[in-house]
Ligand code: ADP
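Encoded as structure tokens, the following chain is the form predicted alone, with no partner shown.
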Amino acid sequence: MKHILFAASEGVPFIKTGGLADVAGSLPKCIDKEFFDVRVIMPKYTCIKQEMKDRMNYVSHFYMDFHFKSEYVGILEAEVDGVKFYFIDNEEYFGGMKPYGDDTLWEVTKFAFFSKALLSVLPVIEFRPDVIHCHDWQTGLVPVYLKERFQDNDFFRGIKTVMTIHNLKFQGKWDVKTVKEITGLSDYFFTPDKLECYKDANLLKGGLVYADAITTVSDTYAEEIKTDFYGEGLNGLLCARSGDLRGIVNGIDYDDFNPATDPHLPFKYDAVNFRKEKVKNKRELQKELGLEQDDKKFMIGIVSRLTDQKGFDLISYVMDELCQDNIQLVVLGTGQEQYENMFRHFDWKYSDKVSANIYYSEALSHKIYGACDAFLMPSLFEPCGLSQLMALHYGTVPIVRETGGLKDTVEPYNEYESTGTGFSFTNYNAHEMLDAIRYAERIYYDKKREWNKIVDRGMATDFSWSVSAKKYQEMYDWLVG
């Protein structure tokens, strides 16, 4: 039996801001319990919903030296779906209305505390992992501390670490002098071959240097981050460690995202009856959002953060042209003000065609997956992406740019061989995107049987967590032997 500890700054069902929470919360329950004992450790934020806090039990507490002070470290535990979660409690660090703040220095401080506390609690809870699986920069100091001060203790000797990059853009950077003070690490660690990166201290870099293995969330992204464009200044290090770097695509929880059982859908459907039933959801959504009610109209969905990364500058550039087509566009999300206002403007200008919902709603997101014909994701970069996986499972054909996980999970339609699960374009170019959308429209309107076959193939793909779990298991076996 191998013991694995997931170290993450968020995890479903306790707290979620993005895809990282799905990985930390959903993946452990899919790993084979006969061979692996997988547990999760994360901060106990005061903003966790009370009903989830009520499931936690107090385990113990102690005081730990950190940043010239003696700090309280509380330990709680809870069990969900057969997986044990541990929580590190300290209200000074983990208070507030949301898990992350805008003050970078405070974020660096609190996750340095989390990393040190995480290692310190292991002997107390009497759980010695063979592998600590660290996620993103917030846990980047775990492999560093493990090598720096915990290795001398027999309990910690031989523990392996994995560092998973969910989004390389976020690295946890601050000046060397301050980070040295906060972490208590010696000068030895702040050199260009360790934590120092372009004159700053970089927590993610520390994790990437000291981890025994590195993963990221798709094969293509694993290749992309070795280049200048996607490497965010760490491509040299990632090239040097390419022998230890692998891509494993994220999955989605098919219990939560299943059109046959989804409580948010007025009409349930599956791969057998979608031709008759899916359109009923479209009718309902058109009615709910005040769009022209027309079963045949090509409806495109977008559920996203409205940011540059997600390709909204491309959409903005051709939005007027796109609205001349026989389409409807349903948008859900919040983000940069310029894109929020752009969609509001087109909702006003083409009120029967465009519905801009500038907020977030879990229920409406499911209705969009369940009602739309196509789903648009023209990302500049996308480490993995989960929306296209949900769209495929709901029979909503993805239109994507060929980058990162989008390239790995959406097979472009080939009308000559009748293959493919979606439509894609290669270059980051607004009219190339518009061509891909119009190609999809043409197949939808002129070759409906072909369109339905694309849907069939998409719904037959398996991007459940169980597929990813097998690849993670292989990696743990390779690490521990």
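The first residue of the shown sequence is 1; numbering continues from there. All of these numbers come straight from a predicted model, not from anything done at the bench.
If you look for the form predicted in complex with the named molecule, you will not find it shown, but the lines that follow are about it.
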Legend entry - Gly385, heavy atom within 4.5 angstroms of the named molecule in the predicted complex: yes
Inset, instruction - Would you please decide whether Arg457 lies within 4.5 angstroms of the named molecule in the predicted complex, comparing each non-hydrogen atom pair? - result: no
Legend entry - 4.5 Å heavy atom contact, Pro13 and the named molecule in the predicted complex: no
Inset, instruction - Consider Lys310 of the chain shown here, and say whether it contacts the named molecule in the predicted complex, taking contact as heavy atoms within 4.5 Å. - result: yes
Legend entry - Contacting member of Lys180, Arg283, Arg344, Arg305, with respect to the named molecule in the predicted complex [4.5 Å, heavy atom]: Arg305
Inset, instruction - Could you work out which of Ser316, Asn258, Ser361, Ser242 is the residue within 4.5 angstroms of the named molecule in the predicted complex, going by heavy atoms? - result: Ser361
Legend entry - Candidate stretches 364 to 372, 272 to 280, 233 to 241, 69 to 77 - the one whose heavy atoms come within 4.5 Å of the named molecule in the predicted complex: 364 to 372
Inset, instruction - Taking only heavy atoms into account, state which residues of 4 to 38 are within 4.5 Å of the named molecule in the predicted complex, ordered by sequence. - result: Lys16, Gly18, Gly19, Leu20, Asp22
